[in-house]
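Have a look below at one chain only, the form predicted alone, in structure tokens format.
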Amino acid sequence: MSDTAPLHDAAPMARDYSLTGPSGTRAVEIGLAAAQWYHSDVPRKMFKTLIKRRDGPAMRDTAIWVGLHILFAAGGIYFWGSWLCVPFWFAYGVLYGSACDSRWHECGHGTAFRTRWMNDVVYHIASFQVMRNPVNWRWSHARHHTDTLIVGRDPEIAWMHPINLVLKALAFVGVVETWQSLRVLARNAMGQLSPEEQTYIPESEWPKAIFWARVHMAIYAVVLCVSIGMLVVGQGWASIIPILLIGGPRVYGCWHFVMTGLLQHGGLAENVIDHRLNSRTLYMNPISRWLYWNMNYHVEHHMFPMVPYYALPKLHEQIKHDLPKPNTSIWDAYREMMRAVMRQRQDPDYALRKELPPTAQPYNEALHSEVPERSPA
């Protein structure tokens, strides 16, 4: 690995990540927006095999996912009042509050199932679980793939400079992000889309965004009323069960998707047009891979987003000769990422740059010297 910039003693300046500010305008002017990204070569016949969609794998995984929801929820309720309920609620929280993110993601791409309505059903359920407006985030994620980590263009940059490690730690328990998500849903439910949302959501989709926000908020209101009603009639602590079942897992069960999600781009480069420079592939244990639906192959996914999650391991084998060496585990990836993040807190222009194997094509360096403007901290 080699460095991209020396450390300096000057206080880091805040970057303008807003989608309506000068950074986005400059990214368009210099060609960083909607740029031609580097892709590893895949034989045409193999690629046609890899992008072929099937219902079977996702139907199997979704049936297991739903079945485990029911099993662990039933265990949590049955053992309520005893410490035996804790592992059931813990497992239920992860299935609801973490696995939802990968289901939202893959079904949003429309690649999990071959049948469109199956993608749509799971997408809407998962969007509700992760507290995301399904319309807003479908278009937000489309922009994320078009302009990955382009400052002023990508609405899904997780590691914004200057990096606030306190907020990153709080993300593992979901309190701040849940509150922020509810505020967005409430604003949308009142018929308001922010100026930034309006930059990537087509105007024809605005009524749908408002409708689904109202649906989500209505469900949360019903759950809260049921919980309050149980408390009023003397159910005591059991009155929090509705919240533990619906909504609450976004707080107490989100830690796994936060843990894996931060690794996707953390410590890597902004304003580049080669996914090998701004995305991370790593190996992880089978349980995490199932919860995460193989998004640990993240360079591969960004290069070829239409390849279904169940084909990503095969894609990895096809192009790994052209990619940086994957991290060997979640722990290994965090050690690498946090070293880079701690340096970025002092020097936001620093980015981890992984060495390519001798078999790889050189990094696509076009436009890398051009960076959007910053604003004073």
Partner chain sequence: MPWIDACAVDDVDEEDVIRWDHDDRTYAIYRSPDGAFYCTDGLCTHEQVHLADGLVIDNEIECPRHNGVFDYRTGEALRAPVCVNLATYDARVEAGRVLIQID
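None of the values given here were measured: they were computed from a predicted structure. Numbering follows the first chain given and starts at 1.
What comes next is about the form predicted together with the partner chain, which does not appear here.
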item: Contact assignment for the partner chain in the predicted bound form, among 161, 109, 256, 289, heavy atom within 4.5 Å; value: 109
item: Contact assignment for the partner chain in the predicted bound form, among 338, 66, 51, 59, heavy atom within 4.5 Å; value: 51
item: Location of the partner chain contact in the predicted bound form, chosen stretch of 204-212, 83-91, 228-236, 281-289 [non-hydrogen atom, 4.5 Å]; value: 204-212
item: All of 44, 47 and 145 within 4.5 Å of the partner chain in the predicted bound form, heavy atom check; value: yes
item: Contact flag, residue 124 vs the partner chain in the predicted bound form, heavy atom cut 4.5 Å; value: no
item: Contact of residue 306 with the partner chain in the predicted bound form (heavy atom, 4.5 Å); value: yes
item: Residue 137 within 4.5 Å of the partner chain in the predicted bound form, heavy atoms; value: no
item: Heavy atom of residue 183 within 4.5 Å of the partner chain in the predicted bound form; value: no
